[in-house]
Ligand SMILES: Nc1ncnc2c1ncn2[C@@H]1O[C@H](COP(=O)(O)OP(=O)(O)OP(=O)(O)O)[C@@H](O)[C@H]1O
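First, one chain by itself in structure tokens, the form predicted on its own.
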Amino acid sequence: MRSSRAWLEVTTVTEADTKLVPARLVENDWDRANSALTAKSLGELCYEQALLAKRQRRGRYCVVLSSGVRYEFSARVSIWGWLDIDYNSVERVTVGGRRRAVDAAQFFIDAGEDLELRPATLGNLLHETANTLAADMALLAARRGLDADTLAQLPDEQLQCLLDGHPKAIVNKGRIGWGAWEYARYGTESGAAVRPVWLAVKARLAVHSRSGDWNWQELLAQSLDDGESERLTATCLSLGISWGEYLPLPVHPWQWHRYVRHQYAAMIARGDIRLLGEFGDEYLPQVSLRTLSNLQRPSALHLKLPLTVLNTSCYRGIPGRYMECGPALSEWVQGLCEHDPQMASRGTGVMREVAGIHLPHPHHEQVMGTPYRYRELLGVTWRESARAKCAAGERSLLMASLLQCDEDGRSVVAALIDSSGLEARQWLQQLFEKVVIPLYHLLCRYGVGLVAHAQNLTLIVNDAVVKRVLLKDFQGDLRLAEGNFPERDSLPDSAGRALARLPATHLLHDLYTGHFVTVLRYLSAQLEQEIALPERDFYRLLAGVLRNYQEEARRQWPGMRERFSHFDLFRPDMERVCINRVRLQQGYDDTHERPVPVLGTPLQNPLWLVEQENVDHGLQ
């Protein structure tokens, strides 16, 4: 059922709707979506050193491909050595002439040899490209007429349906396994409401845990009003189901029809899984696709559900290994936020995972090395809503929203800075204090790394100024540093068993690559272009905030000096982590583990660079 919100009505163009949309408008959107995706792909693949861009003249670059085709474009070179390409400037040049590059699929075909793509890999990449373009077209239509000031004021749940998604993943809405109907019905950009299918599953067969603050009836009440609760109770009574023997499990309707009905047929036949039907509130998909926010009651718990589609390099399931520790781990991190003086002074909080259920597949669990997607088919995590964490006058905003631009190229972050009344450097200093420092402190004090991309961080904003950050997504995106960290001795045993441990140099990249490269790289380039704030000033400001924190933390805990050397953000060079190349090299075959990135040549670290410039100019 489509939401009644007016801004959600203009979403996808179906065959029945084409008469309502001028053909020329659709064609213009098609060209724009293809140009933008081609420019993005060129920029990211050059950054990851899969392609080589040569400078022709000031501001103009060329990528010459083995196919004989070359792509020419205008770009600014960022402090990261990344080409920030003007998508309107990209041209495809062949012996037949020069034309504007408005065919992203053709670009991948042209570059196939240079990218070392096997035919099967290229074919699947073209599949993802077509899907991504379809979603991008829907987003262009949905955002039409909404300027950056309007976007910046939308409720977080609604704004997420209008976001372009991960800027680093070149085909970021590939969703292999879905067709046009699924995109229009369940895609984030559709703005269409989803009502979960509810199951009752035998408790003794499931891996589950919950916070002591919640029982199963209270979790159900987060999705059901009194009338729906009575209807569900009557259904359970008619089927002889009690919540002592069974657990309530919501399932995405697509996942139920596409996978669960057949893959779990034996358990359904035995009565280990009982279908109850669709009940309760409708939900809106967030930008992460599989996390749903309550449309009727935005302060109610979110549902994170498996969706076995291949999207941004991996299948979007829910691993069972974290189900036993999720609530305890969330409470532990929340405790750090409340009692650690560095975290508490910045108001850092957690969107706690209050309960989780995973139902292992009875056959695939017996197969060593089965594709990991078959181990992640059925489960749920209940997570706190950011709306419930907001005080009077506050609102939540996914950090990814800062990068979103309107039709004229004006960004949400620029709109917020203008609205705040602060000078841009003051606004950014507040952002760094409230976001970067808590993440770095968690790493150095506790050896806890959170993959801090912009979809894992929720900003709490008041008067357009960032007041604090909420952390989330601890299932697979939170890891521990190897070594002795007495400060985390209180970590629950269940979490200690489930969480991966990595060397300090690896875990540093949860912050450096996960946040600096994946978020701040685009934010600094956008602000330089939009409000003429030099990137060097952006990173000089960030370096100053980090150094001030280090000085304060060393006074509080003398042992932190050694930690800062282990997790050194100011090294001259940093590893270049390449997420797109791993998909291009590995292809689309099933694996028993999620793919891991590959490395390019080292990056010159902007934080080191600006400090060197300060020394050279006598500024320190």
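Quick note: we count residues from 1 along the sequence shown, nothing fancier. Everything quoted here is computed from the prediction, not taken from an experiment.
Unshown form predicted in complex with the named molecule; subsequent notes refer to it.
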Looking at H509, R387, H453, R468, which is the one with a non-hydrogen atom within 4.5 Å of the named molecule in the model of the complex?
-> H453
None of H358, R521, K472, R143 but one has a heavy atom within 4.5 Å of the named molecule in the model of the complex; the exception is K472
Would G187 count as touching the named molecule in the model of the complex under a 4.5 Å heavy atom rule?
-> no
Answer for A135 alone: is it within 4.5 Å of the named molecule in the model of the complex, judged on heavy atom distances?
-> no
With the partner left out of view, is H166 within 4.5 angstroms of the named molecule in the model of the complex by any non-hydrogen atom?
-> yes
Consider T291 of the chain shown here, and say whether it contacts the named molecule in the model of the complex, taking contact as heavy atoms within 4.5 Å.
-> yes
Option from 534-542, 309-317, 433-441, 365-373 whose residues, in the model of the complex, bring a heavy atom within 4.5 Å of the named molecule = 309-317
Interface residues of 293-307 toward the named molecule, as seen in the model of the complex [heavy atoms, 4.5 Å] = K304
